[in-house]
Structures are given as C-alpha cells and as structure tokens.
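A lone chain, given as structure tokens: the form predicted on its own.
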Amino acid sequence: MMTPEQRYLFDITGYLHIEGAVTGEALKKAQKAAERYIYCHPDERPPGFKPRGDDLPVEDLGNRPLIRYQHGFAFDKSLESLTMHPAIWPLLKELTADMPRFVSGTLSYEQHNPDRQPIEKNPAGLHCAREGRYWYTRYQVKDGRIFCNDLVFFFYLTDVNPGDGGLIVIPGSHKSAFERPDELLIPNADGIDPEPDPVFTNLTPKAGDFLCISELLTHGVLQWKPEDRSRQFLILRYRPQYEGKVSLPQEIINRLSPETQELVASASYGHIKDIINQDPVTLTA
C-alpha cells in the first residue's frame, strides 16, 4: 500500500519523487549496464536491442542528442529488477488495484543539442494522455485508494541539477477538465523552452531516484543544457493487466525472469497474479 503521505501528494500533484531508491553497488551495476547498451557495437547487441527514432540508423553508437534504446529494461538483470523494485511496488499495486501489467521499458539517453528546433505554439513539447488518442485514460479515488490506468515511472541513472533542463510538469493538471490553452506558456527567445513561470515545475532527480507520474499529468521537457554530461534514465510504463495486449517481442520476453514475465502478461479483470503476494519482489534467473 502507498503511505498516507504518498497518497496525498500523488492525488494533489499527479506525481511522486522517490529519492534514493537505489544506491551503492546496485546503482553502479545499473549504470554500467546502461552504458554497455548505449555504447555496444551494433553487431554485438543481442537480438531485439537497438535504438529507435526518426532517421535513426541501427549503426548509431550513442552520439545523437536524444536516443531511445528499445527494451533497455531487459538488457541486464540489474535493470530488469527495477520494474518491481520495492520502492515502487506498493505504488504499482495500489494504483492498478492489485492488477498491474508492465508495458514497456525504454532506455533514454540525451546529450546537449544546439540544433534542437522549437515546437510551434508549444514550448517544451507539453502533452498528456487526454490529448489525442488516449482519451480513455482514467484517474479516480474510491474507498481511500487511488486508481490510475496509465502510469509512467522514470528511473534516473544520472543526476539532474537545477538549471540543467529536463522534465517539467504542471502539478495538479492530471485532474483538469479543460483543454490546455495554446497561450498558457510564453516561449523564450529561442522558442524552445518557455519563459520561467510558476505554473510548471522542473523536476531534478538524482541518480537512483524514481519519478512516478500519471500520464494524465501535463508534462514536457526543457532543453538539456550541460555539454559535459548526459541525461540517462529508464522509462517504465504500466497499465492494468486487463487493458491492452502484450506488445513486447517474444525474443525479449524469453530473456526475462519468470516474475517479470508474469508482470508483462495480460490477465482477466479480478485475477490476482502470484507476484502480487511477493513483497518485496525477488527475481529468479
């Protein structure tokens, strides 16, 4: 179960920042695993692992400003274990009414990009689930528990300091009943980032932290400013087990521990997976 503080803050803001969830040797193993994937020669990558993105060749070795590495969570057990980490497991169980399904886990790598182009009328690329085809996303409270059917957990492998850029959110916007006005934020001189405004918060997690958001929360990203270090994090997505079909390729599923395979699996409404009663979760080979 979520703590009363977590439940209150998530309901009020639409996000949670879980600090220091992974530390010491466990964090070092995860960081090294991510680096191996990012800088692995294409010919040495296991089947199913490659960057993705517009005009992104498979041969890319990590020298683009922003790269999304497919199925990064499955590249190493130190990364896979984060999908059911004890720091987020109680949240996942409550927010999905004890019926979670892991959807995807992408490794994101971002460098400073001096050539980043502005997004017309939308500085920082603000978006949320209610915009476009995900109109059915839900957020509700019943019997003292929160339910949300579209969740994102960001696990950070590198530090984000104030002024670096990165993720921004509009706290409380997960409950909005109105469309976001185009003129909400004023673009700055370069047209990429918005002018500072109290309406949004720039979240600055450290390596080993989790951020949890409802996909209904309006969020975007400021330009990454440091030129001497990158922003690396896992994007872990979850939905209820009875919504949607498994989209991970079989070659990735075959790599996973039995517990993670169960978490990935679809199931009928009301079915309780065995992993729900495993707390904390320990993966087996």
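All residue numbers refer to positions in the sequence shown, first residue = 1. Computed from a predicted model, the values in this text were never measured in an experiment.
If you look for the form predicted in complex with a small molecule, you will not find it shown, but the lines that follow are about it.
Site annotation in the predicted bound form: the residue of 73, 102, 153, 156 reaching within 4.5 Å of the small molecule with a heavy atom is 156.
235 is the sole member of 33, 248, 67, 235 with a non-hydrogen atom lying within 4.5 angstroms of the small molecule in the predicted bound form. By the criterion of a heavy atom within 4.5 Å, residue 167 is counted among the residues contacting the small molecule in the predicted bound form. Among heavy atoms of residue 38, none comes within 4.5 Å of the small molecule in the predicted bound form. The closest non-hydrogen atom of residue 253 lies beyond 4.5 Å of the small molecule in the predicted bound form. Contact check for residue 180: every heavy atom lies farther than 4.5 Å from the small molecule in the predicted bound form.
Looking at 25-33, 256-264, 213-221, 41-49, the stretch with residues near the small molecule in the predicted bound form, meaning non-hydrogen atoms within 4.5 angstroms, turns out to be 213-221.
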